[in-house]
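Just one chain follows, in the form predicted alone, and it is written as C-alpha cells.
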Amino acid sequence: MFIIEFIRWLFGYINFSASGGFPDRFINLCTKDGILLWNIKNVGGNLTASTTVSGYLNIRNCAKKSGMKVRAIQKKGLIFFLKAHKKRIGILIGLSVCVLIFIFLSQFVWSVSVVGNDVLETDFILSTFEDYGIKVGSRVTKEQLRDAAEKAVVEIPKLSWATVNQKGTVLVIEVREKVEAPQMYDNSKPTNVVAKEDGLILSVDILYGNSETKVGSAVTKGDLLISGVANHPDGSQSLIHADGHVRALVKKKKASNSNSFSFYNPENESVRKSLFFFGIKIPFGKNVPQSFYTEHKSFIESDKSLLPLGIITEYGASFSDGKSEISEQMQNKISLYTNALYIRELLDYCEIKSSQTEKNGQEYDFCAECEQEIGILQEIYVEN
C-alpha cells in the first residue's frame, strides 16, 4: 500500500470535487474512459475523489456528459512541490542528495539476526558468519550467502543445516541444530550393578537380577548391589544383564584455598569509544591494550532489529609481572565462591540433604550429605 501511495505522490495527483448532475453516470463514464479514481466520497451532496494529473485533464468530457461541474481542490505530488519551490535550488539539491544517499545505503546490509537456535549462542553463530563476510555494512550476493551457509555448517559441528535469507537490507540466518541420536540400550552382555562410591542405601529398584544389598546398609565403592547371576529351580545358574536403580546417601567434601589462584594487578587500563556506521568503525582515541580486551556494542534499535548505527565501547588492560597481594576478606570471598561453584556442580546430579562450611585456617571445608544414584553397570567377563 505504501508503494502505491509513493508512486502516486511521485507522479502527482489531484483531489477534486464534482457537484450537480448524475454522480453514478459520471463514475461509470470515467471507468469507461480509463480514468482512475480513488478516495471517492460523498461530502454534503457533492462527490469528492482523487485522480492522476492526466486523468484530471481528460475528465471534463465525462463531467459534461453527466451534467457535473468539476473543481480542483488540492494538488499533491513531487511535480507540484518542485514547481512551487523551483526558485529554492537548495531544497532541490538537498532532496536529490538524500535520495542518492538512500539508494546508496540500501545496497548494504543493515541488520543481521539468527533464528532457529536453541543450544548454540546467537553471538557465536553471528561471529562465525562474519568470518565469511555476512555482517552489517557488507555488500553480499546470493552466491556469497549460499557459500557462507555451507561453510558455517562445516565449521560448526552442532549445525545440521543453515541458510541466509535476504529481505531488502535485512539478513536473517536460519539454522537447524543437530539432534543427537539416543544411545541404544545394549542388554546382550552379562553385567552386575556395583557401587561407584561409598554411601548408605536409601532405595533399591531392581529391573533385572538379584538384590545383594538392602535399605539401610552401608556400602563402599565397588560393592555388589545387583547380581547378574540368575539361580534356577533346578540348581543351575546363568548370567544375565542386571540393571536397576540404587539411591544412597553420600558424603561430599571439598576444601578450597584462595592461595591456589594467581592474581595480577591490572595496569595501563584504558577505554575507547568508536562510532559504528554501516560497517565502518571510527575510533576516538588510541588503541587499548590487548592483554585483556572486551567490548560492548550499543546500536540503535527499530522494530526489534538493530540498525547499523551505534557506539562501540572498548576496554583494554595489561597486567604487571608481579603477583598481586589480596586481603584476607577477599581470600575468604574467593574460597566461598569456589565452594558455591562446587555446590552448583552437585545439584546437576544429586539432591543435597544437608550441608555445612567450616573455616580451617585459610581454607574453607565444605561438607554435604547428598542423595544420588550410585549404581553403575560392570560387565561380567567369562572365558569360553
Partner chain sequence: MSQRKKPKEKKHLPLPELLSDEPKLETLGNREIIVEGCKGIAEYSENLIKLSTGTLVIGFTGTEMLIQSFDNGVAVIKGIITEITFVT
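Numbering follows the first chain given and starts at 1. Computed from a predicted model, the values in this text were never measured in an experiment. If you superpose the two forms and keep the largest set of C-alpha atoms that fall within 1.5 Å, you have the rigid core.
This protein has a second form, the form predicted together with the partner chain, left out of what is shown; the following refers to that one.
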State yes or no: in the model of the complex, is some non-hydrogen atom of N39 no more than 4.5 angstroms from a non-hydrogen atom of the partner chain?
-> yes
Tell me, yes or no, whether T31 is in contact with the partner chain in the model of the complex, where a contact means a heavy atom of each within 4.5 Å.
-> yes
Going by a heavy atom distance of 4.5 Å, is L346 a contact of the partner chain in the model of the complex?
-> no
Contact label in the model of the complex: G12 to the partner chain, heavy atom within 4.5 Å = no
Which pick from A317, A63, L47, C350 sits with a heavy atom within 4.5 Å of the partner chain in the model of the complex?
-> L47
Please name which of the stretches 351-359, 329-337, 54-62, 22-30 has residues with heavy atoms lying within 4.5 Å of the partner chain in the model of the complex.
-> 22-30
Core aligned, does the CA of E373 move at least 2 Å between the shown form and the other one?
-> no
With both forms fit on the core, has W38 moved 2 Å or more by CA between the shown form and the other one?
-> yes
Rigid core superposed: T48 CA moves 2 Å or more between the shown form and the other one | yes
